[in-house]
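Next up is one chain by itself, shown in structure tokens, the form predicted alone.
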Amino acid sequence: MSSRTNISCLQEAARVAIFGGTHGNEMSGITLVNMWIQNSAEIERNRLVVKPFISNPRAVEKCSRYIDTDLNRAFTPETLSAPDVEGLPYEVQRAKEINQMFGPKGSSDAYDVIFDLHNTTSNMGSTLILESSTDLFNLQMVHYIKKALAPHTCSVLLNEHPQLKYSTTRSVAKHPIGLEVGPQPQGVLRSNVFESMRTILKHALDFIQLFNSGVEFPPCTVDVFRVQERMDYPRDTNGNITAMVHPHLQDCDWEPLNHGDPMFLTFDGRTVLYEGANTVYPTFINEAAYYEKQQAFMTTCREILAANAIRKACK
């Protein structure tokens, strides 16, 4: 990347992948990707190679989140460098294959952009997930998408917390971007969720085509929710859950949670209050897939990120 008069010149995004089925029971991305594998006309753009791809086909076949381990946590240096020996967990084998096909991760040969499509059971609406606050290409892209969707909303979740960030399937790309759309039960298709995801991908690909054609995007700001903490359910000494998400918090993703607000309701009817000093904005509230990860919801803080103007670098 080079910079001239506050314009950042970035490399052309020539190769894009769209992953569905990283979790095999999240049906919107699976259905869209399978549809685009059969007929790619909708996602074709000038100056762009777009590859739709089912990330975890065995989990998709069984309509389960994963077979042996969570593929969306498997892209660690240790996993990707593990020897190819018999008996590796299926998702570890799959991570190594994906890294070879779309990476290698961190190399100049990696795909430029990977969109990883997910559904959530939480009431998050449409949410774009970023892994870096300094990726100007992604910041400009989500700004473009949010403007194109207006007056409909699309939240942006930033997860670059050093302890809470995990090794995602999309992290193989130079510009990884996740998409969560909900609420939708696992193993179920909802038409409104399906169409929201489809529309966001259209705008994202339009942005990349415009960038590749030489369009300059002016400076912008992006309102994001930065990941702070993962909150677990209250538990007894044996590790069993003793409370539920409070009804005043349930379905209130992205709404402020203040000191003293209800957070959990114990099985014997006692309210557990939020005791944090600062207002936070919860998300992934009561996500079904996160019970196994001991997470009731995630707290975030609101932040505004600024991005320089960008254009394609001259060859």
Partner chain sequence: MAFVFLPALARMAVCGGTHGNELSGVYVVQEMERQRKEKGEGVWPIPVTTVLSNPRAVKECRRYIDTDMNRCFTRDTLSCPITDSSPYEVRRAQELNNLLGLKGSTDATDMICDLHNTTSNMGLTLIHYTTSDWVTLHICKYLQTKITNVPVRVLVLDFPICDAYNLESVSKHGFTLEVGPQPHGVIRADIYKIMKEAVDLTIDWIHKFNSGTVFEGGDVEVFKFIKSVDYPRDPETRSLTAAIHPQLQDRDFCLLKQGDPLFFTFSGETVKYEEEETLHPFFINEAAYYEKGIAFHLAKKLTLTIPTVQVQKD
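Only a predicted model underlies this, so the values are computations on that prediction, with no experimental measurement involved. Residue numbers count along the first chain shown, from 1.
What follows is about the form predicted in complex with its partner chain, which we do not show.
> May I ask you to check whether residue 265 falls inside a 4.5 Å heavy atom distance of its partner chain in the predicted complex?
Yes, residue 265 sits close enough to its partner chain in the predicted complex that at least one of its heavy atoms falls within 4.5 Å.
> Would residue 57 count as a contact of its partner chain in the predicted complex, using a 4.5 angstroms cut-off between non-hydrogen atoms?
Residue 57: no contact with its partner chain in the predicted complex.
> Going by a heavy atom distance of 4.5 Å, is residue 288 a contact of its partner chain in the predicted complex?
Taking the distances in the predicted complex, the answer for residue 288 is yes, it comes within 4.5 Å of its partner chain.
> According to a 4.5 angstroms non-hydrogen atom cut-off, is residue 90 in contact with its partner chain in the predicted complex?
Contact check for residue 90: no, nothing within 4.5 Å of its partner chain in the predicted complex.
> Considering its partner chain in the predicted complex, find the one stretch among 276-284, 254-262, 30-38, 48-56 with heavy atoms no farther than 4.5 Å from it.
Selected stretch: 30-38.
> Decide if the three candidate residues 96, 104 and 158 all line its partner chain in the predicted complex, where lining means a heavy atom within 4.5 Å.
No.
> Looking at 191, 81, 237, 108 here, can you tell me which has any non-hydrogen atom within 4.5 angstroms of its partner chain in the predicted complex?
Exactly one residue meets the criterion: 191.
> Since exactly one of 214, 187, 219, 77 fits, which has a heavy atom within 4.5 Å of its partner chain in the predicted complex?
Contact residue from the list: 187.
> Any residue of 110-133 with a heavy atom within 4.5 Å of its partner chain in the predicted complex counts; write them all down in order.
Read in sequence order, the lone residue that approaches its partner chain (within 4.5 Å, in the predicted complex) is 121.
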